[in-house]
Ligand SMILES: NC(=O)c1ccc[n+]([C@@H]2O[C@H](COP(=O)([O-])OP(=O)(O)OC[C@H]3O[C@@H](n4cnc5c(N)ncnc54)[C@H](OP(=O)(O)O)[C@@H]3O)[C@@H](O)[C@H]2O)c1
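Next up: just one chain, as structure tokens, the form predicted alone.
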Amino acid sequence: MELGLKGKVAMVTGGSRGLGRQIALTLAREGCHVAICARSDERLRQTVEELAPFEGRSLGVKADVTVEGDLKRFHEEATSTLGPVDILVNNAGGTVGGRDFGSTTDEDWLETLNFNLLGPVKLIRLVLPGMRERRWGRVVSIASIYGREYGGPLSYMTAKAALIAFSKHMAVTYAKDNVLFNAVAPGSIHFPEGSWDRFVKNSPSHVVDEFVARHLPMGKFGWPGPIGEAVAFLCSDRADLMTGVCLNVDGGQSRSLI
């Protein structure tokens, strides 16, 4: 399916590995000019090298999405090198500190919310005016099935639920400007050095087998490819009636009926 994304400028946070890397590669394959950010110089360099063979231009910027100055610099370098931003993918996220109520400090709460929610909010403030002026924009935020139903660390679950709610409100507010906001909710996706990779490596085999049998209807962990394809579709005019959506990509793992 031709997605019509050739020449569009995309920014992807956390784009050097895992889901972010796959999203960047998929958008590049579709002809986008792609800017990625990450905190590791080496990973950034490697992924930019992977993007280089595609037709579009690519850029890597060392930046931490929890630091406002880094976000501004990422946006400035992306626009000065590639042009006005058409697509923003908020991929970076995770849990900082404690994983349950008793162990999660106030600082952990603030840092996890900053990582998953306020980073996207601040980047959207930078890209939204131009998208509205041009009457075309796509913002896709990577949430989690654990933002839709119970599961995962408490602060992470809360932050991802907030990200989904934020995306819905923005979608309704800016639909009239043809700036579409959607979220993608991955299930348990396995990739090198990711959280599920650590779970598989650090857990007894019977624990892993029990988790797969109980929670993963397809009998296996997910992989990054389908996440990249879902994001690329949502960024295209093929999905031009989809806004305010939170799309599960989870192999049937989630249990919510809505």
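For every residue, the number given is its place in the sequence shown, counted from 1. These figures come from a predicted structure and were not determined experimentally.
As for the form predicted in complex with this ligand, it is not shown, yet the points below apply to it.
- Taking the partner from elsewhere, every residue among Ile142, Ser188 and Phe191 has a non-hydrogen atom within 4.5 angstroms of this ligand in the model of the complex.
- Scanning Ala232, Ala38, Ala35, Leu51 against this ligand in the model of the complex with a 4.5 Å heavy atom cut-off leaves one residue, Ala38.
- Between 166-174, 77-85, 142-150, 119-127, the stretch whose residues reach within 4.5 angstroms of this ligand in the model of the complex through a non-hydrogen atom is 142-150.
- Using a 4.5 angstroms limit between non-hydrogen atoms, Asn182 is distant from this ligand in the model of the complex.
- Contact annotation: Thr112 falls outside 4.5 Å of this ligand in the model of the complex, judged by heavy atom distances.
- Although the partner is absent here, Leu25 lies well away from this ligand in the model of the complex, with no heavy atom inside 4.5 Å.
- Using a 4.5 angstroms threshold between heavy atoms, Leu19 counts as touching this ligand in the model of the complex.
- Along 76-99, a non-hydrogen atom within 4.5 Å of this ligand in the model of the complex is carried by Asn91, Ala92, Gly93, Gly94, in order along the sequence.
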